[in-house]
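This document starts with one chain, in the form predicted on its own, laid out as structure tokens.
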């Protein structure tokens, strides 16, 4: 089954491009480290999932590109075409001459309704090219105006037009130091609206990815492109084909459906985080060897201690012991020591995946008491290696990982709102104070649900 990607705003289009690029370079990589037959069925599944065929033989990304300014889209289209390995359909993009000025209300209330028909026609055409549609993968930032405001509007339109398709929103959490003065407002409005119409939100934090670039990839001057390539690698490590059940003879047909079934057991809990190991520069990789027990041990502790990368993990954090009184629940603004999970999915790729012991992830102490750990944990695997790593493991987790950040962003937005700072910029585009209050209420409820796990 195929996934249609919808790239929204500058950030969404730049990351979307890197995702297709990472998938394509993995597709063409010679060191899949598996049999020829395995490699062929992997490539076949990958192609059906992300690309449509063209007579010239160059795969065409199943994607719709939307931005309110032309510059990034034209760069993205030409970079893909120049690669020679894949391209975008030149009919599948929409842009205008003037942006949304980092104003969520402008993207959501003005540009969204004005261009709804033309954008949804592009999406419809792309969906009709799929023999079977698994769903939509939207890529967007929360801080700006087009990606966030227009993105929230387009997600609602997707939900109305395709009520039975899965929608996964990949959302970029802004830098804490801030690129945009109103980013906390934009983030609160985006999250609360997506929570109404999306099946799940997969969140990447700019600050965490920046650290990975600096400490693991050893990049001295970090550009947005470096950050986007790490995000794209992590996304590819989950969405490239895998066997989603033990002993399966075919690659999973419905990647988005399988993901939701594994990780979203209740509509109140939709926040997904992604961690991937190992991650390192080409130079370091040449001198490194990895064992599955070592990778899995690190990945489990990253989950427990809520670490975003394998360097600097707090090894002191332990799950509560059975029979011992559980420490009082942390309020969201205190440092959360133990990260309680609702559900986890581990994706293994490469040599000897059949022999990996994942018993540590089935420990009931990791999970909330109202779910059976056997149902809360799933494994996808394939002997086909991903990109340059002969062994790699990814963890997609529905857990308390975002609690502190969410509480922080809602608190900052509320402080601004209480003093009416910048609210007039939103009301002039039709977003009233009541709309803000509804959004605060929605997110307070989400925070309280995760805090009480």
Partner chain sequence: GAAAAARAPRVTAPMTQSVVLQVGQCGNQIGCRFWDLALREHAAVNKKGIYDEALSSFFRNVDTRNGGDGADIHKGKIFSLKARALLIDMEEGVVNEILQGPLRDVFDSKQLITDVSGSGNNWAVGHKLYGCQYREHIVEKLRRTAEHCDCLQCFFVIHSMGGGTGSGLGTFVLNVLEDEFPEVYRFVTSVYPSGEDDVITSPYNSVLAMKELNEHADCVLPIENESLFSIVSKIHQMTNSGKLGSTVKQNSLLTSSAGSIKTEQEKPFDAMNNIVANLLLNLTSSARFEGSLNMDLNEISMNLVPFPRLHYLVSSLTPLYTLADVNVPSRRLDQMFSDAFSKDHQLIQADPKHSLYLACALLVRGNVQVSDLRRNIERLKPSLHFVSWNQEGWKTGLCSVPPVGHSHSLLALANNTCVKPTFTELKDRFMKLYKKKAHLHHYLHVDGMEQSCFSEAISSLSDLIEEYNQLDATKGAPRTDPSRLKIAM
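Residue numbers count along the first chain shown, from 1. As the structure is a computational prediction, the values presented were derived from the model and not from experiment.
Omitted here: the form predicted in complex with its partner chain. The next part is about that form.
- In the model of the complex, its partner chain lies within 4.5 Å of some heavy atom of residue 14.
- Taking non-hydrogen atoms only, residue 447 approaches its partner chain to within 4.5 angstroms in the model of the complex.
- Interface membership of residue 412, defined by any non-hydrogen atom within 4.5 Å of its partner chain in the model of the complex, is confirmed.
- Its partner chain in the model of the complex comes within 4.5 Å of a heavy atom belonging to residue 175.
- With the partner omitted from this view, the residue of 284, 78, 197, 215 that lies near its partner chain in the model of the complex is 78 [heavy atom within 4.5 Å].
- This chain is displayed alone, yet in the model of the complex one of 390, 69, 53, 44 has a heavy atom within 4.5 Å of its partner chain; that residue is 69.
- Heavy atoms within 4.5 Å of its partner chain in the model of the complex are found in one stretch of 94-102, 344-352, 160-168, 363-371, which is 94-102.
- Residues of 401-424 lying near its partner chain in the model of the complex, listed in sequence order, are 407, 410, 411, 412, 414, 415, 416, 418, 419, 420, 421, 422, 424, the criterion being any heavy atom within 4.5 Å.
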